[in-house]
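Coming up is one lone chain in structure tokens, specifically the form predicted on its own.
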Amino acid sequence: MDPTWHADECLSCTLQGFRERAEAQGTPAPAATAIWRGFMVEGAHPSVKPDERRCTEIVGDQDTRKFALRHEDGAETESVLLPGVGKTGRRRTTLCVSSQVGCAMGCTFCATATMGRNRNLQTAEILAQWHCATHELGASIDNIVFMGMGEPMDNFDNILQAIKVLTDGAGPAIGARHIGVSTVGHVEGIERLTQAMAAGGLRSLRLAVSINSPDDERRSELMPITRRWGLDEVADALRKWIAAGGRPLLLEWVLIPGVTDNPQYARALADRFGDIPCRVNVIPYNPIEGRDWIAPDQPTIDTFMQAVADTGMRVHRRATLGRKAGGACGQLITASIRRRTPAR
């Protein structure tokens, strides 16, 4: 019998959602469950047409792997598998997923910004990154972070549905506490995510916000979104997140020598955000084509982190993974775009 279901019909639904869709078309619930679980958990099912997306590029940097997916319209997205070690010493794998083809936010330290935004990814296209990593690349994924190409809050409905599918215990079964959403400070999106989190089932979801500068004037030069939502508005949205029962936040700080590494910025950061349960996540800048900025050396990193710690704020350094493969934070840009993007 020919397959009757498209892969995207499984990828875009929770088990309950797929069962409702299937039953409306005459497929009994037990059969629908077997179809959805077969595709999602085992990777394939005779009643589901194989996903035509394929990994078009796999680049390794030690244990870090970057792969690109070509979608049905020819658009490409990049995703990264990142190795790590948990608090118990157990090895773990984090999948960094993309939410858009390109990005409209224009952050000057990010290669994806040079693409502009082509379009949002649909829920199935987001889940296809997990499916490919799990069933084609054989990765056992412990964590998901929406920190790849695109601004997740700019594609809110699809990333929220993707989270619901990823947390479905009958399928991917990735707990909400193992899923993180990173935003450049999209206040409307933070407020919507706060509402979804507080509504139930996602209270342990993680939220990270990119800050990078102590005041709106400097920040707007790095992150144009500041012209729409200033740091005071971002801080207010984060307080609402905590008040609604959200977990302590990550404040991300990209450390760029001569730009964001002034130790005095740490005090200004604490003055604005020190009352919010959070941790400062220092991200050493990863060089991108067209920028003459360099990665910070260890003394620069240590000095800034100590300045943050001296304010009483918790601080942590994000491990630099995948830089040689162009898969580190801020480096994702598809090969076809990379070939035609002029230096700035």
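Bear in mind the structure is a predicted one, so any value in this text is a computation, not a measurement. From 1 onward, residues are counted along the sequence shown.
FYI, the form predicted in complex with a small molecule isn't displayed, but the following is about it.
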Taking the small molecule in the model of the complex as the reference, which of W130, F109, Y265, W241 has a non-hydrogen atom within 4.5 Å? F109
Exactly one residue in T260, T183, S79, T194 has a non-hydrogen atom within 4.5 Å of the small molecule in the model of the complex; which is it? T183
Only one of 208 to 216, 232 to 240, 270 to 278, 84 to 92 has heavy atoms within 4.5 Å of the small molecule in the model of the complex; I'd like to know which. 208 to 216
Please tell me whether any heavy atom belonging to E151 falls inside 4.5 Å of a heavy atom of the small molecule, as the geometry stands in the model of the complex. yes
I126 versus the small molecule, in the model of the complex: is there a non-hydrogen atom within 4.5 Å? no
Taking heavy atoms and a 4.5 Å cut-off, does S47 contact the small molecule in the model of the complex? no
Is L121 a contact residue for the small molecule in the model of the complex, using a 4.5 Å heavy atom cut-off? no
